[in-house]
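Form predicted on its own, single chain, as structure tokens, below.
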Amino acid sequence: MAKKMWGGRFKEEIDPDFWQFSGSLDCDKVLLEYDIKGSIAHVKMLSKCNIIPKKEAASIEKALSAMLKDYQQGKLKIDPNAEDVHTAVLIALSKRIGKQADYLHTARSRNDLVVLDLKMYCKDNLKSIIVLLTKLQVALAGFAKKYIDVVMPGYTHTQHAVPILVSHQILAYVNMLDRDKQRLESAYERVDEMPLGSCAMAGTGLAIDREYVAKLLGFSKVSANSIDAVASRDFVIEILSTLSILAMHMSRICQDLIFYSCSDLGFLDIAENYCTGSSIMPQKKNPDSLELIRATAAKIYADLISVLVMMKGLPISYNRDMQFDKKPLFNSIKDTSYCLKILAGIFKTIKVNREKIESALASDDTIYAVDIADYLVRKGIPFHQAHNLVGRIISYAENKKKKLSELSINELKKFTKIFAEDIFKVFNAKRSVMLKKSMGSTNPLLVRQQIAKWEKKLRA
């Protein structure tokens, strides 16, 4: 059994099964680099404040810096039986410099140390996810620009609705993801608070300099309440919540791509790099990457719920239950990062099948029903009446087994004399999108402006 950071008051050895059950090194070794960096800043502060001898402080700092270098080069060896990452660092330090290592834990507790490590980890990974999210937005904007001239059937309730630009729908994704980015940036502000010095819960009686440690570690502020600093995990919950919303958005994007690329529609062709085959059906090219991203949203939701439920009944201040906040966080960050990378790759390689889209538009001209209603409105008919008229015309055409565009002008005039020959201009997808005037609509001129705006913003 490895050396412990506690145990002076214990006479009996801990039960080996409990020791195995309670250990967290397999999970929290992810934080090793942050634990070493935090310890270097801490010992610098202890020396500066004359809390520990400067000679010993210098020895500790030198050894920790060497450990950090070894870690970054993949050469650092730690005791696999250590209780947690903090103990592992202390054991490794003790092997290098002996009893001088005992000074390191002055004016800190594992309670505030674990929050420090976790916040440093979160800051780095939030930045990384924001970068990956931006790369996905860049890929989407590039796709939108490439296919700016393509008009497709828009869908509501998975039924034909109105003609829209493919690019317009892609920009909807860019907007959704930008709100995710804003939420991540906002979460970062609350993570950027240095907890070290809170100790177990009440702070310390030693004259430490918390602001100095915050400056060394790149935190913009220090925590205001020592109990709150060690007892709260809302920063973890907020990140998981934000990642859950992002995962939901990615899942919906994937569902759209699966729908549009299915055999019956074939609007999109997913590159083979992101597909797999069937073990029995040789012809299959399955969009498994999209399905797995869609399923990953459920995993991230579960991670969020697990931490919420774990925290909901805990008394203030620190409780060991909080050990179980890390695995859900680490898993969600890893899963989100993979999904963002894969989805960006998909949009860089995906192809649009113009012929299939044009065929779908030609097969169902009820997609122009709103355009016919707008035509009547421009002729002076109130919209509700126009809506009713167009519905009756569609019913009439169905009974006659005709498309709307196949009805004669005389047939149309039976519903209202307002119809003229110019009504047949309505049955044109590109004209339909061009007629849209409202800000934020699918009008090609407005969509081009939006693409240019996003390109400028994303470059910045």
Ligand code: ARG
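This structure is a prediction, so every number in the text was calculated from the model and none was measured. Counting begins at 1, following the sequence as shown.
Form predicted in complex with this ligand: not shown, discussed below.
Peer 1: Taking 4.5 Å between heavy atoms as the contact cutoff, choose which of Ile78, Met201, Met322, Ile245 touches this ligand in the predicted complex.
Peer 2: After the contact test, the surviving option is Met322.
Peer 1: Looking at Lys326, Arg108, Lys119, His168 here, can you tell me which has any non-hydrogen atom within 4.5 angstroms of this ligand in the predicted complex?
Peer 2: Among Lys326, Arg108, Lys119, His168, a heavy atom within 4.5 Å of this ligand in the predicted complex occurs only for Lys326.
Peer 1: According to a 4.5 angstroms non-hydrogen atom cut-off, is Phe219 in contact with this ligand in the predicted complex?
Peer 2: Result no; Phe219 lies far from this ligand in the predicted complex.
Peer 1: Report whether the minimum heavy atom distance between Asp303 and this ligand in the predicted complex is within 4.5 Å.
Peer 2: It does not: once this ligand is placed as it appears in the predicted complex, Asp303 has no heavy atom within 4.5 Å of it.
Peer 1: Find out whether any non-hydrogen atom of Tyr368 is located within 4.5 angstroms of this ligand in the predicted complex, and reply yes or no.
Peer 2: Tyr368: no contact with this ligand in the predicted complex.
Peer 1: Just checking whether Asp84 would be counted as a contact of this ligand in the predicted complex - the rule being heavy atoms within 4.5 angstroms.
Peer 2: Judged by the heavy-atom cut-off of 4.5 Å, Asp84 is in contact with this ligand in the predicted complex.
Peer 1: Would you point out which of 110 to 118, 189 to 197, 147 to 155, 235 to 243 contains residues with a non-hydrogen atom within 4.5 Å of this ligand in the predicted complex?
Peer 2: So the stretch in question is 110 to 118.
Peer 1: From first to last in sequence, which residues of 13 to 40 have any non-hydrogen atom within 4.5 angstroms of this ligand in the predicted complex?
Peer 2: Counting only heavy atoms within 4.5 Å of this ligand in the predicted complex, the contacting residues of 13 to 40 are Ser24, Asp28.
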